[in-house]
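For reference, the chain that follows is the form predicted on its own, supplied as structure tokens.
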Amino acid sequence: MPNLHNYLITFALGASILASPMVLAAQEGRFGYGSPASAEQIAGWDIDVRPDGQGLPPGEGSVEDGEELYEEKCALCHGSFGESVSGYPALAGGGGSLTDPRPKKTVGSYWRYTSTLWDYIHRAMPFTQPESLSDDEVYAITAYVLHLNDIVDYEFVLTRDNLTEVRLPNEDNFIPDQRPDTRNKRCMKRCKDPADVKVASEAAAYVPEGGPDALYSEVEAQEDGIVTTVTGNGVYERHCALCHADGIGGAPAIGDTSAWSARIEQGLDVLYRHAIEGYSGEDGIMPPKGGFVNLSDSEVGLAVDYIVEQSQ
């Protein structure tokens, strides 16, 4: 049984604490402990960079210097040409892909501001040693990534003064968010009737080129009572391209004949079985049905046929 004496001591201590100046200060809007952050402490956290260049430190870095630094500190994850390795983000390429079912979002195809690239490298890269790069090294690596996207030439030197002059190709394509907005307020009582809530705006649904049935035309599939026909291209784009488009995680990239030739020689029956049941090889692992267990065997087979057709 707990000791009553201990309870009385605890109660007395609690009463004295509640009456202490520290707690009284907390009642006035302060916690009553700690001390104001110094200018040096604030500076350690105040490292963000705005699109107008505010926050950029002095420094400079050339594309040439950035190339060597990138190979040493970045290429292991992002690839020598920014193409991505083992599932890490691709940094280059993807031009004109933003309207595709699986857009490739890179610095050159999607990002809005050059300052975002500098800021992210500065605060988060390399992945295993964030904030280990000097300011000049960040300028150099930023310059080289811009060069990988054909935005600056090889002789370019990036500085605090000219960074905001480097405009990324997709900058003007960002628009205000037009997704539905109910303009409602949180409530705990006397809440608005849901029937009276009006949608102020609504974004148009994505329709693939050729119409909503463009990805379907070969094998019938039924879901929720709706019967459609499916193509290998459709299954690939929706479920397989995530890994096979760029060879992520050891997956052979579609169209890479050297990677597929030996696999194709095994015969379609083997490829079907590996795709449906899963397969573990020297280069990576293929989970059953690519992890999409809701796919039928016929749908997986169509995707395999499509990949083989594109990779011979």
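None of these values were measured; they are calculated from a predicted model. From 1 onward, residues are counted along the sequence shown. Rigid core (definition): largest C-alpha set, two forms, superposition within 1.5 Å.
This next part talks about the form predicted in complex with heme C, which is not shown.
### Query
Which residue, 281, 58, 34, 44, has a heavy atom that falls within 4.5 Å of heme C in the predicted complex?
Of 281, 58, 34, 44, the residue with a heavy atom within 4.5 Å of heme C in the predicted complex is 281.
### Message
Under a 4.5 angstroms heavy atom criterion, identify the one residue in 168, 133, 163, 152 near heme C in the predicted complex.
### Response
By the 4.5 Å criterion, the partner-contacting residue is 133.
### Query
In terms of non-hydrogen atoms within 4.5 angstroms, which of the given stretches 234 to 242, 155 to 163, 96 to 104, 186 to 194 touches heme C in the predicted complex?
Selected range: 234 to 242.
### Message
With a cut-off of 4.5 Å between heavy atoms, is residue 266 one of the residues that contacts heme C in the predicted complex?
### Response
Looking in the predicted complex, residue contacts with heme C include residue 266, since a heavy atom lies within 4.5 Å.
### Query
Hey, in the predicted complex, is residue 173 touching heme C, heavy atoms inside 4.5 Å?
Taking the distances in the predicted complex, the answer for residue 173 is no, it never comes within 4.5 Å of heme C.
### Message
Can you tell me if residue 287 lies within 4.5 angstroms of heme C in the predicted complex, counting non-hydrogen atoms only?
### Response
Result yes; residue 287 sits at the interface with heme C in the predicted complex.
### Query
Can residue 274 be called a contact residue for heme C in the predicted complex at 4.5 Å between heavy atoms?
Yes - in the predicted complex, heavy atoms of residue 274 and heme C come within 4.5 Å of each other.
### Query
Quick one: once the rigid core is lined up, does residue 55 have its C-alpha move by 2 Å or more between this form and the one not shown?
Residue 55 C-alpha, core-superposed: shift of less than 2 Å.
### Task
Align on the rigid core first; then say whether the Cα of residue 277 has moved by at least 2 Å between this form and the one not shown.
Yes, because once the rigid core is superposed, the C-alpha of residue 277 moves 2 Å or more between this form and the one not shown.
### Query
By 3 Å or more, the Cα spacing of residue 292 and residue 103 differs in the predicted complex; is it closer or farther than in this view?
Compared with the shown chain, residue 292-residue 103 is farther in the predicted complex.
#### Entry: Cα separation of residue 284 and residue 125 in the predicted complex versus here, shift of 3 Å or more
Residue 284 and residue 125 sit farther apart in the predicted complex.
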